[in-house]
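Just one chain is shown here, as structure tokens, and it is the form predicted on its own.
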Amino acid sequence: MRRLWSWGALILGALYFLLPLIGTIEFSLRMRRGEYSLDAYRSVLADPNFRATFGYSVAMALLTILLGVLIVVPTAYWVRLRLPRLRPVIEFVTLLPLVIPAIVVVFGYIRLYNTSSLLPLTGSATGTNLLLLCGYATLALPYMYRAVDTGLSTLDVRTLTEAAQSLGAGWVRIIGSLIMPNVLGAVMSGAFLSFAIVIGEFTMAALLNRPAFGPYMQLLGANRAYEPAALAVIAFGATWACMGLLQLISRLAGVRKTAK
């Protein structure tokens, strides 16, 4: 009986996720009247704005992952090693992006870094990209920190650190050569979530007027019928392909590390 309930829950979950996807795919193929075709996909792929905005968002997602790793891994490691009493405070701080809307964060950026401020980052494309990158890293912080902290909880951080220090390793080498390989799976979990967040994010990119994929999807959805469905399917497949590529790279890096 328990197995029956388990299969029932699994089937319901699969239907919940798959039915909308199947419906979207079916609708995207109906652009040509009376028959299925790939016209909507051809229209989307021929649009240079699609390639530009998707490439921009992929680049920002990779930079967001890199920035998140550089901030979160040393912080979570140091908290577990030296500041265990501050863990509840750090966890509370990392959860704040979940309760503070993105629109509040981006308006704060605009007020603090507008062209009349001491640091006019919004006055140039590079500065605005930097602000958007910081915003993305903020949105992804809860997921990246939770993933890395969970990975660190499986390690005896203090013993590993003392053993490495007894062999003469410095802090950078301890984090880069000892801690990082051991939490690589957790880091990749956080990276997947960060990637998915950045690819679909709309509010920050639109208010900072950056050519990201989220505003492009909204603009296309407001003016076309079948192309938005095709774009959603393409974005779904491309996002999973990019995440699979990240997973493959991490596995290859792990295999190479083990071989050494």
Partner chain sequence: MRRIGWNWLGVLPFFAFAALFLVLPTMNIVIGAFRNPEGEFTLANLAGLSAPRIVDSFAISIKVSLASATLGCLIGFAMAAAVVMGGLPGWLRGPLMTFSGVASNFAGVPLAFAFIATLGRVGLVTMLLRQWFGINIYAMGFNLLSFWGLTLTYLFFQIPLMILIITPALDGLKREWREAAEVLGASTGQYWRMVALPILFPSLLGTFALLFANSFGAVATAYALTGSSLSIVPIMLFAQIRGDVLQDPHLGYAMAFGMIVVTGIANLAYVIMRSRAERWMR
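Rigid core: the largest C-alpha set superposing within 1.5 Å between the two forms. Model, not experiment: these values are computed from the prediction. Positions refer to the first chain, counted from 1.
There is another form of the same protein, the form predicted together with the partner chain; it is not shown, and what comes next is about it.
Proximity of Phe54, Asn129 and Met188 to the partner chain in the predicted bound form is absent: no residue of the three has a non-hydrogen atom within 4.5 angstroms. Site annotation in the predicted bound form: the residue of Leu29, Val58, Val69, Ala206 reaching within 4.5 Å of the partner chain with a heavy atom is Ala206. None of the heavy atoms of Asn49 is located within 4.5 Å of the partner chain in the predicted bound form. Contact between Gly176 and the partner chain in the predicted bound form is not found at the 4.5 Å heavy atom cutoff. Interface membership of Leu118, defined by any non-hydrogen atom within 4.5 Å of the partner chain in the predicted bound form, is ruled out. Heavy atoms of Phe202 reach within 4.5 Å of the partner chain in the predicted bound form, making it an interface residue. Residues from 78-115 that approach the partner chain in the predicted bound form with a non-hydrogen atom closer than or equal to 4.5 Å are Trp78, Val79, Arg82, Leu83, Leu86, Val89, Ile90, Val93, Thr94, Leu96, Pro97, Leu98, Val99, Ile100, Pro101, Ile103, Val104, Val105, Phe107, Gly108, Tyr109, Ile110, Arg111, Leu112, Tyr113, in the order they occur in the chain. Residue displacement note: Ile197 has its CA displaced by under 2 Å between this form and the one not shown (rigid core superposed). Here Val69 does not count as shifted, since its C-alpha moves by less than 2 Å between this form and the one not shown after the core is aligned.
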